[in-house]
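Next up: just one chain, as structure tokens, the form predicted on its own.
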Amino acid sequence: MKKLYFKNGQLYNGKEIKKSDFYVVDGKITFKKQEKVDEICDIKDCIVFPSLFDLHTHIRCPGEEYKEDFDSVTKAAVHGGFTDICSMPNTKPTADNQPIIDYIILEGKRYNRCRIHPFGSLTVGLKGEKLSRMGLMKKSGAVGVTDDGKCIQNSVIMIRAMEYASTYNLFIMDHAEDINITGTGVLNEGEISDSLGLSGVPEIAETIMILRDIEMSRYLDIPIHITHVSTKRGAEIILKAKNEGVKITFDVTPHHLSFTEKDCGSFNTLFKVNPPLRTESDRKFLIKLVKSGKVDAIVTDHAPHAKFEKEYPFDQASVGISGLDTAFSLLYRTLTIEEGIPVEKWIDLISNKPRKLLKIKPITLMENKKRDFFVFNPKEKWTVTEKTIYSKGKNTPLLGKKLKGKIKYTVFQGRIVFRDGG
């Protein structure tokens, strides 16, 4: 294994950012001077952070490799500073059984750029009817269970699923959506949906299911995590329940922190997501919660699609944004440049806090520790193009936009797995 020397940079130690040179020897960080090194990395103006951890990634494998494959998703991950991603189970076939979980883990190890932590489904085929074999999936390495975008509508099934998952200490994640209320809705219900003549999704489609999940968690005394919360009201309900002792956590996405329903005003399908982009009031409230430390995690909800799937009319186009490549730079623009929140105040939300949720040991950049990290230059600008995105999914509304803040290196298990420029 190469001896690496990183010089002229700054290191985030978990509390503050300090100037520091360091070496990577046998996969471990050391601050002791080494007489001989294999590579010198001059990281002037850069900051070294613990690597990122995404709690919500759609890898599309197996079954939809035309959207994304293991090669492209792991390249996109490390380009974005992620050395750990959690795969969602909406694959084809569904990740509702032991062989699929085995396959995902083995493929992740084969490419060996980052770790893939699979989520299995709560129900067979994501149909919300029959419970999946969670024990066997846990045995193979599944870290959690979710029906992802197919929120279980039957409350009895959901109770049984939570009880069953808890017996194996599996992390339970829910996409809170009452599909009967959503109906044919494709963007936030309001002036924009009315002006475009499109069916809207009211906020109660989210909040009603959040209330249900809270009461189930309270009743069963079983933790539950609500993913990609998009509304002020939904977040307020969760915070109130937390104060009452309910074991509930939640995350938000870079796109819900950065964009609003108004961005859909030109029928731009690259802004079509589920849950939909909401109002400026919702966006600002979620940012306020990030600033105050009341959010439990930030996730990408990376959802790659082929180009043609976003070229349909708005109400027919596929849902989702490709986010692994751009998440950190977008967050840096929104939270730090625009909102004035120092990066060290929110970095843990997309790094160590997701690890803690899954009871994975957090990363601290300390002496003689095997640590994954990435090197970020906050001054350097880059343009988001199809060529600068490693994911097969080029479906990001940032195409053609300049972002300030660029990832220069990502180190995984002591190896450089991404370097800017080659």
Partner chain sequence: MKKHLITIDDLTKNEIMSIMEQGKAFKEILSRPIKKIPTLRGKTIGLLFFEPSTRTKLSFELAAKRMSADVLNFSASTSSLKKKESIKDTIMTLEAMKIDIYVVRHGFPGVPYIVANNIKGSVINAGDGAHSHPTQALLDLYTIWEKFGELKGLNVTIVGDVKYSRVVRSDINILNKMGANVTLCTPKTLLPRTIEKFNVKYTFNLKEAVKNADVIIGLRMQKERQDSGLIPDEVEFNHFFGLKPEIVANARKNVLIMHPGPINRGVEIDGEVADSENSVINEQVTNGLAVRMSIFYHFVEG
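All values derive from a computational prediction rather than experimental measurement. Numbering follows the first chain given and starts at 1.
Another form, the form predicted in complex with its partner chain, is not on view; read the next lines as being about it.
Student: Which one of Glu236, Glu280, Asp194, Glu129 is close to its partner chain in the predicted bound form, taking close to mean a heavy atom within 4.5 Å?
Tutor: Looking at Glu236, Glu280, Asp194, Glu129 one by one, just Asp194 meets the 4.5 Å heavy-atom criterion.
Student: So which of Gly245, Pro313, Gly293, Pro342 gets a non-hydrogen atom within 4.5 Å of its partner chain in the predicted bound form?
Tutor: Contact check passes for Pro313.
Student: Heavy atom to heavy atom, is Glu189 within 4.5 Å of its partner chain in the predicted bound form?
Tutor: Answer yes; at least one heavy atom of Glu189 falls within 4.5 Å of its partner chain in the predicted bound form.
Student: Closest heavy atom of Gly149 to its partner chain in the predicted bound form, within 4.5 Å or not?
Tutor: Although its partner chain is absent here, Gly149 would stay clear of it in the predicted bound form, with no heavy atoms inside 4.5 Å.
Student: Please determine whether Pro202 contacts its partner chain in the predicted bound form, using a 4.5 Å cut-off between heavy atoms.
Tutor: It does: once its partner chain is placed as it appears in the predicted bound form, Pro202 has a heavy atom within 4.5 Å of it.
Student: Hey, in the predicted bound form, does Leu270 get a heavy atom within 4.5 angstroms of its partner chain?
Tutor: Flag for Leu270 set to no.
Student: Sort through 285-293, 304-312, 151-159, 96-104 and report the only stretch with a non-hydrogen atom within 4.5 Å of its partner chain in the predicted bound form.
Tutor: It is the stretch 304-312.
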